[in-house]
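One chain is shown next in structure tokens, namely the form predicted on its own.
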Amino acid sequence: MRALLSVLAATCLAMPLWAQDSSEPLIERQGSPTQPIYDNPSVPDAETVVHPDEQVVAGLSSDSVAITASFDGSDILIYGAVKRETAIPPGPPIEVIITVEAPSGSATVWRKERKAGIWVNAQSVRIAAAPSFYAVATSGPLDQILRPEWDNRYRISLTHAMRAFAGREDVDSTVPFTEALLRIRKGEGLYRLDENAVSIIDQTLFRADVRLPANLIEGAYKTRIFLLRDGRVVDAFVAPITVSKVGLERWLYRLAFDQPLIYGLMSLAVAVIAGWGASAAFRSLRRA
């Protein structure tokens, strides 16, 4: 009987330990070459879940960007090396592509037509998801170092950064609409392709400076680093960048969404005071 009670007591003491181990959350590894980094992380691609002979080891000069009232952009240094257990393979040299991608959102592109002497919105295409910012830096001409099938698979180029179209398409071709969105966002500095912006030393060390514009939005940005040989992706690395508003900028931003009435009254008061101040200044100048 005493032995049976001892076994029960030992079992009761051990149960909380088992429960703690089973409920411990899994740790998501950033930058692991064996982790799928695209559409559905729960379904790994059989061809990407391998241990390549050459792997990316990289870092960022900063993993966060603070948007203040005087924010006019930021530069991020991305650097790293190629980890090998064997000698450098013969054949084409190693190439590197780096992408920095902001959170995606839907976008509607309209085509204007002239009707009754005025220009009006006629046809439209709604894109399900397009990143608000997307920069691609490469170590060479993109069309020479990346095969189209691998570009389509990893969605590296600017055209592949946009996802599927939403809803029914009532136009003959969606190409002019996607080209228009690319042209507009390139003009705003939100989409950028910087060829030969990645420097590689002795096929081992690499670095690139990526310029983030002043009109960034908040969110979790994603940096992807691709290692390529002969146009094929041999390894990939992912690192996050957090972009957030701070200080007065964040207080005004939150006030506009959380307390729109107070924000509107405050804006009206600022406009009235500014108008009264300008009027008083002009009256003083006339009297002088």
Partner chain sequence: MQIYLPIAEVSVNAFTLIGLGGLVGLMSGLFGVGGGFLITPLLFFIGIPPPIAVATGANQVVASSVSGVLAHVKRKSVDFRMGGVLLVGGLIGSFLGVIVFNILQSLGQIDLVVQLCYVVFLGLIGLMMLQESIRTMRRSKNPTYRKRLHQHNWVHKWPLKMKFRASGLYISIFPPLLVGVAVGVLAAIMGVGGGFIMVPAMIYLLGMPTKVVVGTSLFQITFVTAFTTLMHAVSYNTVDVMLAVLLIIGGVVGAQIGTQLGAKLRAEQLRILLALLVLLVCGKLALDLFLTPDDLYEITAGVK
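Positions refer to the first chain, counted from 1. Values in this document were obtained by computation on a predicted structure and should not be read as measured data.
Omitted here: the form predicted in complex with the partner chain. The next part is about that form.
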{"item": "Touches the partner chain in the predicted bound form: V56 (any heavy atom, 4.5 Å)", "value": "no"}
{"item": "Heavy atom of F177 within 4.5 Å of the partner chain in the predicted bound form", "value": "yes"}
{"item": "S62, heavy atom within 4.5 angstroms of the partner chain in the predicted bound form", "value": "no"}
{"item": "Contact flag, S70 vs the partner chain in the predicted bound form, heavy atom cut 4.5 Å", "value": "yes"}
{"item": "Partner-contacting position among V82, V136, A107, I145 - heavy atom within 4.5 Å of the partner chain in the predicted bound form", "value": "A107"}
{"item": "Contact residue in the predicted bound form, from L216, L158, V96, V210 (heavy atom within 4.5 Å of the partner chain)", "value": "L216"}
{"item": "Proximity to the partner chain in the predicted bound form (heavy atom, within 4.5 Å), stretch among 201 to 209, 82 to 90, 136 to 144, 118 to 126", "value": "118 to 126"}
{"item": "Any residue of 250 to 281 that, in the predicted bound form, places a heavy atom within 4.5 Å of the partner chain", "value": "L252, Y253, A256, F257, P260, L261, Y263, G264, L265, M266, S267, L268, V270, A271, V272, A274, G275, W276, A278, S279"}
